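Next up: a single chain in C-alpha cells, the form predicted on its own.
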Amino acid sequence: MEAIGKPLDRVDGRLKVTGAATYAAEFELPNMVHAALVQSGIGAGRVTSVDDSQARRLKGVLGVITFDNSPKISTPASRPASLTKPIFGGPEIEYNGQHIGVVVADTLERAFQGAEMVRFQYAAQKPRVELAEFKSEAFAPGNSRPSSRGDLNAGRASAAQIVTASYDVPTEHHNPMEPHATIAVWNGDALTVYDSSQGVEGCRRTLADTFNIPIENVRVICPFVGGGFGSKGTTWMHVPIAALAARTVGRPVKLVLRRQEMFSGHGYRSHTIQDMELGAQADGTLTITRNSTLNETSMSDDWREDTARMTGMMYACPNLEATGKIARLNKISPTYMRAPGEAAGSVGLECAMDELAAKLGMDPIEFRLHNDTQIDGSNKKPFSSRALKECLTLGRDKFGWSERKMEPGTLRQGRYLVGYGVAGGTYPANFRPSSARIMLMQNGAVLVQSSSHDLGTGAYTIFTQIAAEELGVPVDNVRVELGDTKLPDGVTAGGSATSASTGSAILNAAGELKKRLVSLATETKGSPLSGMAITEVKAENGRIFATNNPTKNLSYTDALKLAGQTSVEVTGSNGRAQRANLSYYSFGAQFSKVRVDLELGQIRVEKMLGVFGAGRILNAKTARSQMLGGMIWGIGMALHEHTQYDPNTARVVTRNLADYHIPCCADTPEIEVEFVPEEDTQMSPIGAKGIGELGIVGAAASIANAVYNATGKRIREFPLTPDKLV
C-alpha cells in the first residue's frame, strides 16, 4: 500500500478548523488562576527599590513575586545561553523588557492590573543598542569555528575581478500565530506543564534541574504548536516563572505572553553585518572567498549567527577564510530563527556572487554552475547527495530566465522597471537520535507515539503515511500522538530534523512490529503458519504469509485473536548514525521577478519559483506548503522585516504586527514550488532530508538580485525599502 509521498490532506486538519485541537493555553484545569509578567522599563542600569504594596492590596491578587522576594532559583543554561541565570532579572538590568517579577490573580485582568501597580525605582544607564557603534569592541566567542583553506593573497593575485562589499541584515523577530504560553500545576513534588514548545524533552530536563526534582517527576505536554520557527526550541524564563508561581500560590497557573512581550520574552534573529570578498578568474572560476561577520549578542551570552557555514561549503573555491565576531548589546540573547545562519548567510554570499557575475559579464546561473562541486570544501567530504545543478537548470527553464536582460535597468513595462534574480540555497540535513512506539490493536487500529512535535507543518500526517505504508494498512487505521514526555523520547522539532529522525524511528518500529507479528503467527497453535521458521514467513499489506506459498496466510488482526492478545506494541529508534565520511545538506535555487515603480521606488515581487533537492518527499502537499511559507518569509526578509529599538531606552518600538511589517496577501505573488527527484538513504533510512528551513534560504537574496537587475542599483542594507532606491 503506497502512502508515502502522496499529497494526503492533513490528518489533524479537521481538529484545527473546528477548534478541537488543544493548544498550550487552552487546557482547562480546576481552580486555575492567571499570571502577568512584570518587566523592566529601562534598558541598562540597576533597580534601586521595589514597591509591590499596591499590587498586593488589589482584590483578587494571590501573589506578587519579584527578584527581591523570590527564592534564589536559577535556570540551568539551555542553548543559546552560556550562563546559568536566576529566573528573574534584577537588581542589575541587562535589557528592556527583562522579566523582573510576576503577579498572580484570580482573573487575567486583575493580574495585568496588578503587574502595572508594581513600582520600581531605577538608576538608569545609557544602553548599548546599535551594533555598528560597538564594532571596535567585537570579539571572537569561545564557541566560534573559524575556517580557512588555501592562500588568500594567492587567490587575490589570480583573480581577474574582485568584489568587496558589506551586507547588513537587521534584527528580526519570530511572530508565530500562537504566542508563548505555559500552564503549570504541582501535585506534591510532581510538576505538570502544558507549554507551547518545540521540545518537551528539553523543557522537562530544564524544569527538573531548576527545581531540583527527579526528571520522572516532571511531565511536559504540547500536542499542538501554533508555529515556533525556533523561538520555542529553547526553554525561556517565563516557563519556570509559571512553575514557581504555581508552587507559590498552590494552584494551577496560566501565563501567556502578550504580543508585545513576544519581542522581549524570547530571542530573535541577530543583526548581522557581513563583510564579503569574492574573486574569480575571467572564465568565472572562484579564486577567493572571504566572509567576516559581526553579529550582536546579549550582555552575558555568546550567541554567534553562523553565516559563514554556507560560505565554506556552497561553491568550489581553493582559498577561503570565514570568521565571526560578536558585540555585546543591551538586548535579550538572540536565538535560532528559521534557517539560523543560512537565512542571513545566503544574503551575503548570494548577493556577492551576483555582483561578481556582473563584473565578469557572466550570467549568474552559469557562474554558479561553473563553480558547482560535489565536495564540501569545509571538510573535504563528498556530499551524500547534492542537486544544486539540477535545481538551477530546471528553474532556469521553468522560470523564463531567457527574458532577463544582462544590462540592468533596461527591461521596462510602462512606469515599471522589471528585473529577474536568482540565488542558491542550502541547509544542513540533520539526523538526530529519536524513538517511537507503535501499537497494533486487535480491531486493526494502529497507534503511533513519540514526544516529537508537529509545529503545524504536517508531522502528524507524514508519520501517519510512514506507518501506514510500512505496515500495509489504510491510513485511516493509523492515529498519531505527539508532544508529551510520557511518550518515547523524540527529537526536538528544530534544525529540519524531525521528518528524517522521527520518521526513520517510526519506519524502524513498524519493521520491528512486523517481525513480532511473524513470530506470533509461527508460535501460535491454530495458526496456518504455526511451526514454520520465521525466515520462511513475511508480513506485508496487513497479512502474514508463507513466502513460498502466499495462500497460506492470515491477517494481522487474526494473528492477535488466535494468540489471545488485545494488542502488540514495539518501540523503535532511528537505527544508526550517519556515516562520518559524508557531508549532509539539502539544496535549492530561488528565482524572483520584481517590478520597481520608477516614481515611487516601490518594489513588488511579481512571481517566485523555488526548486529544491530535499531527499524523499514524504507528502507532496505539506512539503510544498513548507516551501511556500519559507519563500513568503523571504519576501518579508527582503522588503519588510526590521525590529527597531529606541536608542535611549533599548525598548522595542515595533512590538506589534501593525509596526513590525510582515508580508500580507497583497505582497504575496504567484509562487511555484518544484522538487527534483532525490532519495538519500545515506542521509536517513527513510531517504528524506529536512525541508523546514530550506524554503527561506536564498529567497531574500534572489529578490535583492532581481531589484539590482531591474534598477542597476545595488542595495546592501536590508530590508530594501523605497527610501533606499529613490
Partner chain sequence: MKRFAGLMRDHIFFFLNGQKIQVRGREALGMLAPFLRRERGLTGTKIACAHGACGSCSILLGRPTQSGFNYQPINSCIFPVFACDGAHVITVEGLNGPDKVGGQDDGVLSPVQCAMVDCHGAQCGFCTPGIVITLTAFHENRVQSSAEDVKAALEGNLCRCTGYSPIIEAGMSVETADLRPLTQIYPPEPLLDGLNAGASDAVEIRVPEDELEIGQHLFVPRSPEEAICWKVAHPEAIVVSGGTEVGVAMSVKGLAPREILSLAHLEDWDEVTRENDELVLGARATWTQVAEQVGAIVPEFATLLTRWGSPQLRNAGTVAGNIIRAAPISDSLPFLLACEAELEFIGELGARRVTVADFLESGPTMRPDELLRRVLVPLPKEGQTLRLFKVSKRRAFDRSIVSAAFLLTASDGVIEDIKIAFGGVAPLALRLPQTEAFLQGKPVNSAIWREAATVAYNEISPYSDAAASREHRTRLVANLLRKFGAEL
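Since the structure is predicted, the reported quantities are computational estimates derived from the model, not experimental observations. Positions refer to the first chain, counted from 1.
The same protein has a further form, the form predicted in complex with the partner chain, not shown here; the description that follows concerns it.
For the partner chain in the predicted bound form, the listed stretch (276 to 284, 131 to 139, 158 to 166, 623 to 631) containing residues with heavy atoms inside 4.5 Å is 623 to 631. Among residues of the shown chain, Phe383 is not one whose heavy atoms approach the partner chain to within 4.5 Å in the predicted bound form. Using a 4.5 angstroms threshold between heavy atoms, Ile213 stays clear of the partner chain in the predicted bound form. At the 4.5 Å threshold, heavy atoms of Pro722 reach the partner chain in the predicted bound form. In the predicted bound form, no heavy atom of Asp68 sits within 4.5 Å of the partner chain. Against the partner chain in the predicted bound form, the set Met406, Phe675 and Glu693 makes no contact: no member has a heavy atom within 4.5 Å.
Site annotation in the predicted bound form: the residue of Tyr315, Phe229, Trp186, Trp401 reaching within 4.5 Å of the partner chain with a heavy atom is Phe229.
The contact residue chosen from Ser292, Ser527, Asn175, Ser298 relative to the partner chain in the predicted bound form is Asn175, the criterion being a non-hydrogen atom within 4.5 angstroms.
Scanning 229 to 260 for heavy atoms within 4.5 Å of the partner chain in the predicted bound form gives Phe229, Arg258, Arg259, Gln260 in sequence order.
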